[in-house]
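Heads up, the chain below is alone and in the form predicted alone; it's given as structure tokens.
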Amino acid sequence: MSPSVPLQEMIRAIRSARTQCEERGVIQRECAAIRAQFRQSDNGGRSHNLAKLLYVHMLGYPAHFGQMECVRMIASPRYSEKRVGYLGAMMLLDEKQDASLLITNSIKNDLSHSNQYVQSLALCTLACMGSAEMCRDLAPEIDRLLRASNSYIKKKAALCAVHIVRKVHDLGELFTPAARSLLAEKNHGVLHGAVVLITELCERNQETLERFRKTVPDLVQIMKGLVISGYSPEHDVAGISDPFLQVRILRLLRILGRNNEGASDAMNDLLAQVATNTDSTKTVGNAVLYETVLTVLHIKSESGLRVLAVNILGRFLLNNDRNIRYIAMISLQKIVGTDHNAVQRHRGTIVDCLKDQDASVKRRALDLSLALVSASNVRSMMKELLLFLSSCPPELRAQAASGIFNAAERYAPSQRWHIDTILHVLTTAGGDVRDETVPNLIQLITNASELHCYTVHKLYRALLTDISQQSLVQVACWCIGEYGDLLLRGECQETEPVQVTEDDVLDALETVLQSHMSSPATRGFALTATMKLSTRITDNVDRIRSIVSIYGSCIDVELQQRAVEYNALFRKYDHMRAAVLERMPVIEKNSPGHTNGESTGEPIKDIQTLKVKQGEPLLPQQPANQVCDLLDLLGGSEVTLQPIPAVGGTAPGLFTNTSSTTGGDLLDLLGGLEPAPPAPAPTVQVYEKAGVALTLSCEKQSDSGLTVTLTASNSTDSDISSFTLQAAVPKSVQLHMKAPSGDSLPARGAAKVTQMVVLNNPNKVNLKMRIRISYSSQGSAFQDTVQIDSFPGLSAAGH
């Protein structure tokens, strides 16, 4: 290929290359020829060569050696060369390149050129790649061109001024007078540029915003002219007169009317006119209507106009275009808190969107449906949501279950309905619920004393049907252990009576213990339930003793520990077994200073003070009477009782998969180990913003080991989803983050998310931690970072 081939021939040769290697060879030969011609002082084909180089750049090959040629061609007096030179500057140069400073003077000269097309080239280049220094130098020239008589130049100058304002905020005051005068123009291009410039100025400066609020009547007149104007072939798009300008004006009105009643009143009639007269059968009309709705919802509009806006969004939900349905649900999600009744009118349409095939539409419909649940419609909405839960995709099941739990807890018409709803969810999606669901349901069942018989019968039948749902099985085992005597009676008015024998109940629990689907935590529930039945049945105590003794050599340490403790109760303390395994009292949720349901706040406070005063002399007195200590553990005395913080209910403390304080104390008492319980780790709040709070507590495991517990809560009125915590520590510190308790924070602190972080600091460096908090709320994503420089309860020397 000769060095002087035209651009078309080069493109044809590159496209005909069969391999990438062949293509590179063609480009390298052509670039070498272009370099050689760039070195010639008298080169008549400079624009031709630069055009070929720009095509090479578009293919992704290096073309930086053409930057200086762009500078020389911009300074050329010929328009054909200026055009290619400015195009090359926009593609090959940016504000970081030193060569960009060389064209500042050329741009300034061309801005004063007599040819409007040369001026246009300079304006476009400055708006594309002008640096802050260039903008400061050339801003007076742009302000001069904004006042020119040529509409073509004013349109380009307005858009260039937008770039300058974004680069240098202080220059906004320079363009304010000219921007206001542009609103009197008739040319749509100039008006469009003026509206964009005014919008940028108002967003940057509050004083400018107040000044431009006086232009609301002018903007209303321009908008009315567009709405009622007849057919104009120059501006018509699908029957709508210049929809691009209409959308820009509506966005500007939204900014000007926000938190201002006077400006809002001036545009109410216009917005009603646009909302009623715009054709909604075309995408163009829907775009204008959507901007109208956003403007109505953001300003201080009349109540009737807001209802009209919500109805427009309701019509969007019936549109065949999924994108329109999606943005409609996003908008409704944002206003459901302020215009709840208006959104409720479209509840049926929103629920129908749960059946949409698109996953994004289905997710938004779920969020909106959960937000629409209220005390008046909780039964009908829950019926639809439970139906959706049974067929929803796996990625939405956890979110749906969490939302149903929160709504049921907030609006449950009765305790029986509440229990039935949660059991239905556990039966359908028991593997996708949050960790705190089990203790929360246990607490609910404990408090509903009149429903104990009904609940244990229903859970027993569910256990016989399916043991794969771990959360359901855990609750069922707990209820059978607590209320097994009610199950064996067979007398239940609320449900169909079932005759159950002692062997049937023990067979069901043994099935759970032996099933490969049961997790270690579930086996712990089943073993504890079996042990509790030893005081509720009479004929099969030896069988229970045999079951418990088998797990005394279990490979799972937690299960083995419990079995050893229960065997000790049978062998050494059989006279106390009935008292130890008696029915759990009513559990009070989230009540610090409560143990086993009994308030011990003030006595504990006094005892802790006594321990501080007496110190070591108090400790040797502990093992003197282990029977009293055991009674103290069960709430029978107030001698040395320590509070156990209730996290989602106290009852599961005896059989969760983690180390239990109660279980540890019982083992210590039976084995004669050190009885002094550890003091609770101090907790401090390290973050609080926009209703989201994060607390931190530390527990020192060894000389270099540390366990940090992060607890997040949400005090806002809207649920938070996709909640994640990320942590960073110095390089010499080893970090291991365990799985969080969940990824959603219900509104008003209904539940919390806990994240445990294990740190190992072998070099004893000064410990610091940076935590990144990310979550989504009302369709918007939030992210923030907090630095932790000190950890509660740790000495500076240790960490």
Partner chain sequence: MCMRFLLLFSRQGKLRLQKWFTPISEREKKKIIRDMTSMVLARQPRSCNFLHWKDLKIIYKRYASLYFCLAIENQENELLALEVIHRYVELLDKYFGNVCELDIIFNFEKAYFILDEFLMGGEIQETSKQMVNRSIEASDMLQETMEEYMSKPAF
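Predicted, not measured: the structure shown is a model, and the values here were computed from it. Numbering follows the first chain given and starts at 1. In this text, the rigid core denotes the largest set of C-alpha atoms whose superposition between the two forms falls within 1.5 Å.
Not pictured, yet referred to below: the form predicted together with the partner chain.
The partner chain is not drawn, but in the model of the complex it has a heavy atom within 4.5 Å of Ala51.
Contact between Gln514 and the partner chain in the model of the complex is not found at the 4.5 Å heavy atom cutoff. In the model of the complex, the partner chain stays beyond 4.5 Å of every heavy atom belonging to Gly431. Residue contact check for His235: one or more of its heavy atoms lie within 4.5 Å of the partner chain in the model of the complex.
Of the stretches 704-712, 343-351, 546-554, 123-131, only 123-131 has residues with a heavy atom within 4.5 Å of the partner chain in the model of the complex. With the partner omitted from this view, the residue of His424, Lys224, Arg461, Arg322 that lies near the partner chain in the model of the complex is Arg322 [heavy atom within 4.5 Å]. A single residue from the set Asp218, Glu384, Asp143, Asp94 has any heavy atom within 4.5 angstroms of the partner chain in the model of the complex; that residue is Asp94. At a distance of at most 4.5 angstroms from the partner chain in the model of the complex, all three residues Leu7, Tyr152 and Arg248 contribute at least one non-hydrogen atom.
Residues Ile11, Arg12, Arg15, Glu23 are the ones in 11-25 with at least one heavy atom within 4.5 Å of the partner chain in the model of the complex, listed in sequence order. Superposition on the rigid core between the shown form and the other one places the CA atom of Arg213 less than 2 Å from its counterpart.
In this overlay on the rigid core, Ser374 has a C-alpha that sits less than 2 Å away from its partner position between the shown form and the other one. Once the cores line up, the CA of Lys96 ends up 2 angstroms or more apart between the shown form and the other one.
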